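The data below hold one chain only, encoded as structure tokens and taken in the form predicted alone.
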Amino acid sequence: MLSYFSNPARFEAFARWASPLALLVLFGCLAFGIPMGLYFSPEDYQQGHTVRIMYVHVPAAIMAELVFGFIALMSLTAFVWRHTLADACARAAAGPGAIFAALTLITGSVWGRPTWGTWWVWDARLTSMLILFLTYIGYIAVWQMGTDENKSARLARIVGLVGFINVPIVKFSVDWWNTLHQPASLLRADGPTIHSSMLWPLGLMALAYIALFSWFVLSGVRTSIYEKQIARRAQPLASRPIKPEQMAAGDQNG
């Protein structure tokens, strides 16, 4: 599978129909998930309508972790199998991942104000998510800091792999330490503890986030492929390597 999609032409052909499909899934899930979450799902017996922030916050938090896991996987793939499109996938995923992490922090603060009485505490979950957000920013900066793309790619792979260490810390921080943040209620070994009236819209919003991320990555990699094709075509003729058959033809003409 990896070797098949490492071919830019095959990937571009796949992305050509997969990108519109991702948008279709995105808008379909939002069309049902938003009204179900904001209007038709019940209030929480303790938090009231404030709990509706969950339909934005929880999927964003899950995606912030999953996306960096994706970056780490693509970084490992690029290191081991030298697939250049793996680097392109990781690079395209960084922007959406940073947005998901920022959205998690912002909505978490908004949710924490009425729930905890403060916008921010140096809680284990909040602090580790902040570190994850800063890691995203650092990863993006690595790609932008140098003119040599190969060196930037190697350094970005290292950041992607080392930064992944923080992902399980974010996930299990509520279990390892005594924190204000509530324990996991969705991704649990014994199954979700959320009522189905809340679980369905939450699932739809999570699927919408996945579709949005897929569209970003597919579009980003397609753009990277097109940019490299344009750069090759724009390369001055004098700087292009001369093929052996062209040399032979030149000798014969001479």
Partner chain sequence: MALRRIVRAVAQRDVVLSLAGGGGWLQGIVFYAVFVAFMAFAFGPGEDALRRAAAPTIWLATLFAIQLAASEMFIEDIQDGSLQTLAVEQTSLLGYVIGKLAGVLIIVGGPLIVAAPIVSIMFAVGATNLAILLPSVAMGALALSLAACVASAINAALQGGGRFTAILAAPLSIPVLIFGIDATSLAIESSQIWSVEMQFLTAMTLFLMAIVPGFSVLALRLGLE
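Please read these numbers as outputs of a predicted model, since none were measured by experiment. Positions refer to the first chain, counted from 1.
In what follows, reference is made to the form predicted together with the partner chain, a form of this protein that is not presented.
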- [ ] State yes or no: in the predicted complex, is some non-hydrogen atom of residue 77 no more than 4.5 angstroms from a non-hydrogen atom of the partner chain?
- [x] no
Open item on the list: Is residue 84 part of the interface with the partner chain in the predicted complex - any heavy atom within 4.5 Å?
Closed with: no
- [ ] Evaluate residue 124 for contact with the partner chain in the predicted complex, applying a 4.5 angstroms cut-off between non-hydrogen atoms, and reply yes or no.
- [x] no
Open item on the list: Is residue 137 part of the interface with the partner chain in the predicted complex - any heavy atom within 4.5 Å?
Closed with: yes
Task: in the predicted complex, shift in Cα separation for residue 132 relative to residue 174, 3 Å or more - done: closer
Open item on the list: Just to spell it out: taking the C-alpha atom of residue 172 and the C-alpha atom of residue 211, is that distance smaller or larger in the predicted complex than in the structure shown here, given it changes by 3 Å or more?
Closed with: farther
